[in-house]
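Given next, in structure tokens, is a single chain: the form predicted alone.
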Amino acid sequence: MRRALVWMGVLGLLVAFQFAAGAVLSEYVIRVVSMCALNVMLAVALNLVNGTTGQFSIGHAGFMAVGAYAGAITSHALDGRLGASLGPVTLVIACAAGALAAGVAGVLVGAPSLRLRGDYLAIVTLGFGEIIRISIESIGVLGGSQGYPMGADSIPPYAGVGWMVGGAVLVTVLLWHLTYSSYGRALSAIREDEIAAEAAGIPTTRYKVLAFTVSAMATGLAGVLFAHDATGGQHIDPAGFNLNRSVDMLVMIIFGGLGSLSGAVLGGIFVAVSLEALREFQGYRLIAYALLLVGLMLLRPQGLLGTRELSVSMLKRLVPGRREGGA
């Protein structure tokens, strides 16, 4: 009962935020907040595989594409029948369809590839991610390289900023509970020493595939919300899910610290805000962004938080002249 009340309270706050944001915030700020929320979903999802489980995947943009296209096709088909008045219902169904499709893709990719380790796994996941993107690009019904939907149609813009922030909260909370459950401790054991974990009775391949599938589903959900983002234009194309998107996800979790969920959240926000802050320097922003990352790797290679989680005591230590537990 308590959990139900908490989730109802969170839902109420998100609904209030959805309406208040349109009246108080500018369209530009709403766009930046939406992109921060999207990046948080992507970073937290990838962190489950690369950080918690210790595998190295660089093909997650493919799962985002699967979720985006599956969700867009679902909502495009339902919108004509249900109408705009039932837009939230359409979006919920589209989110479920996109997450399920991405989860199936995660099983199909993870089952054969996660028997590999290290660089071999990275190359295989990269290959699968590109296969997914090129396959979508080659299907005429999906619009090919021109994107979906074709013609004058558009994906209904049902995912306002409240939906984006709500998706980020939902994914983060669910993966937090998963990471710090007995299942998550088994994944951490695989990260520390896979041979020892297997000797202790942990079915490592099955656990890795399950983690990969859950991560793919969360990434697919982010793809659905990205496709329906009310501030981003209701059109998707394969170029938006190329290798650069996977690299951005990797940068987020490396910046925050591999294995830290709160670090992944900070990394996702950092990437969105820093790219927007450097937008005025259009010709140099990618150079400045790269130099900033190089500096971080030289000064703090373990990332902002390392494997630790952000806590109240850690925040207190950042306040000048204040000691933990003291005045």
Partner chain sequence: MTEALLTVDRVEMVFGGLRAVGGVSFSVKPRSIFGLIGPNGAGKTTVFNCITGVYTPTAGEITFQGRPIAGKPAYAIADAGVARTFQNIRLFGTMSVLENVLVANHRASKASFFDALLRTRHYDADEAAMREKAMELLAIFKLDDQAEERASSLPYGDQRRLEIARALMLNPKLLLLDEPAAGMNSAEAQVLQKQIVALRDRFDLAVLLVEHNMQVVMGVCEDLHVMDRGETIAEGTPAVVQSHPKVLEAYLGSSVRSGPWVTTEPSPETPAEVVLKVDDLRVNYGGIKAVKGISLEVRRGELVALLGANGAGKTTTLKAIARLLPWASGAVQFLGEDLAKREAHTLPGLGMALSPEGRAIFPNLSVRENLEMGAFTVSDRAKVARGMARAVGLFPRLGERLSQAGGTLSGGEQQMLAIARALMSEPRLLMLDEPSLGIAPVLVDQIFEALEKIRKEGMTVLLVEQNTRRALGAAQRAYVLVTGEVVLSGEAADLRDDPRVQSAYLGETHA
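What you see is a predicted model; the values in this text were computed from it and never measured. Positions refer to the first chain, counted from 1.
This next part talks about the form predicted in complex with its partner chain, which is not shown.
Q: Just give me the single entry in 93, 124, 104, 197 that has a non-hydrogen atom within 4.5 angstroms of its partner chain in the model of the complex.
A: By the 4.5 Å heavy-atom cutoff, the listed residue in contact is 197.
Q: Which of these residues, 214, 169, 116, 73, gets a heavy atom within 4.5 Å of its partner chain in the model of the complex?
A: Contact check passes for 214.
Q: Could you confirm whether residue 180 comes within 4.5 Å of its partner chain in the model of the complex, counting heavy atoms only?
A: It does: once its partner chain is placed as it appears in the model of the complex, residue 180 has a heavy atom within 4.5 Å of it.
Q: Within 4.5 Å, heavy atoms only: does residue 174 come near its partner chain in the model of the complex?
A: Flag for residue 174 set to yes.
Q: Using a 4.5 angstroms cut-off on non-hydrogen atoms, would residue 112 count as touching its partner chain in the model of the complex?
A: Result no; residue 112 lies far from its partner chain in the model of the complex.
Q: Against its partner chain in the model of the complex, would residue 188 count as a contact residue? Criterion: heavy atoms within 4.5 Å.
A: Taking the distances in the model of the complex, the answer for residue 188 is yes, it comes within 4.5 Å of its partner chain.
Q: So which of 124-132, 202-210, 250-258, 80-88 is the stretch with heavy atoms within 4.5 Å of its partner chain in the model of the complex?
A: Looking at the partner contacts, the answer comes out as 202-210.
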